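The form predicted alone is given below as one chain in structure tokens.
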């Protein structure tokens, strides 16, 4: 990656601020850290723009399938910066299914959806497989699928005519054509170009991938996703690690593309998906995936692709628990998601309705936020005013026991009696019963 000074030399040096930065040097620093794109500069010369675009592009190309970005990665390890685009999970449907059976299959795939720590985990794509071997049938089913599935679609076929027919039928959806190899590559590139969609390459290994991507580049086609042909866990780990290291450390462009795996179904498929998620896979295609397999896999993905420098947060808001009324207690805590869900669960255990006010502390826990000056009486009072909770209930305001020392100041600001709560969330049910007399 070029340095900020190398980027700066190619910029117009007008300090026009139209890019949103005060100086061209500040913009160059963002470019060197891959936190901005050259498109933000309206005055850069065309020849310099081409050079800058090439230099500032992530080592793993970003490829859009439907509305989801694959690839775009810049590091080997998430602690170096962060991983960018989470691994997409797709489940297979056959083009031989009847309309009712296809609807049932899509409904099942859509049901793999879980609300966890305020985030929605779900399957991302449907892979339509050309089992019929007929281009017309494949195109018809692709159109039918697009009518009942709003997210990404993968079209799996080795037949260029079927690929072009199906991709053209749902052209606006930007599906991924998956099934190009050395024997059909030129025709598949033509199909992908005609439909304006990306192409998935089925490679024998890394060397074959290099040969195929270089042929694609020579044909002027770069929106590629690579299946490196791994048939077991060892090959998945080795081949995907080799590809990412070559792309990131050596800036080796023939392997700088998103990686995908077709894993089948069952325990070994899930294990392969785990390895692929941990080690650089951008798309995993299952024949089938059970709900009890999906949730832990989706949870793993969420853990890997959250920014390690930014705590998981919930929105500052008023959360009524158990249908509270005008006399219900008012509790508050920080917006660190683990704190919120722990406190909420313990309030629910009490069976006592409560108004729970969440205060934006930038994702910090109670003591950490208080120590950092982000959980102060003034900020709590502002949250109360924003939500109007003090006008919704005349019940007692309960302060977290760990920040007892701010109770007096808070009581003075809001003009309402403040009761000191518990240090430990698990003691909330007992404390609420004593406060309310229930």
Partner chain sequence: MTDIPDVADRFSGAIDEVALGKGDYVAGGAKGMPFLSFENPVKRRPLIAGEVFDTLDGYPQLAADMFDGRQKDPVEWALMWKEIGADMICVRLVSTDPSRGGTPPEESAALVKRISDATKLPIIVSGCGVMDLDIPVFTAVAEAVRDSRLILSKADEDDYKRLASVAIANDHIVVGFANLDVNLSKQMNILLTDFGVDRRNMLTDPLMAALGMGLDYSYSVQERIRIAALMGDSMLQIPMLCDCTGAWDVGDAVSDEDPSLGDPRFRATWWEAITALAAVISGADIVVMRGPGAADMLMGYCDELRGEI
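Positions refer to the first chain, counted from 1. Think of the rigid core as the biggest set of C-alphas that the two forms share within 1.5 Å after superposition. As the structure is a computational prediction, the values presented were derived from the model and not from experiment.
Just so you know, the form predicted in complex with the partner chain exists too; it's not on screen, but the next bit is about it.
Within 4.5 Å of the partner chain in the model of the complex, a heavy atom is found for none of 17, 85 and 221. In plain terms, the part of the chain that comes close to the partner chain in the model of the complex, with a heavy atom within 4.5 Å, is 289 to 297 out of 172 to 180, 347 to 355, 289 to 297, 144 to 152. Although the partner is absent here, residue 323 is not a contact residue: none of its heavy atoms lies within 4.5 angstroms of the partner chain in the model of the complex.
Contact check for residue 9: no non-hydrogen atom falls within 4.5 Å of the partner chain in the model of the complex. In the model of the complex, the partner chain stays beyond 4.5 Å of every heavy atom belonging to residue 68. In the model of the complex, the partner chain lies within 4.5 Å of some heavy atom of residue 238. Put simply, of 217, 210, 204, 187 only one has a heavy atom within 4.5 Å of the partner chain in the model of the complex, and it is 210. With the partner omitted here, the residue from 316, 337, 137, 74 that has a non-hydrogen atom within 4.5 angstroms of the partner chain in the model of the complex is 337. Looking at 402 to 432, the residues that come within 4.5 Å of the partner chain in the model of the complex, counting any heavy atom, are 405, 424, 426, 427. For residue 240, a C-alpha deviation below 2 angstroms is recorded between the shown form and the other one after rigid-core alignment. A displacement of less than 2 angstroms separates the C-alpha positions of residue 300 between the shown form and the other one, with the rigid core held in common.
A movement of the C-alpha atom of residue 261 falling short of 2 angstroms is seen between the shown form and the other one when the two forms are aligned on their rigid core. In summary, the C-alpha positions of residue 293 and residue 346 converge in the model of the complex, ending up at least 3 angstroms nearer each other than in this conformation. Distance between the C-alpha atoms of residue 298 and residue 342: shorter by at least 3 Å in the model of the complex than in the displayed form.
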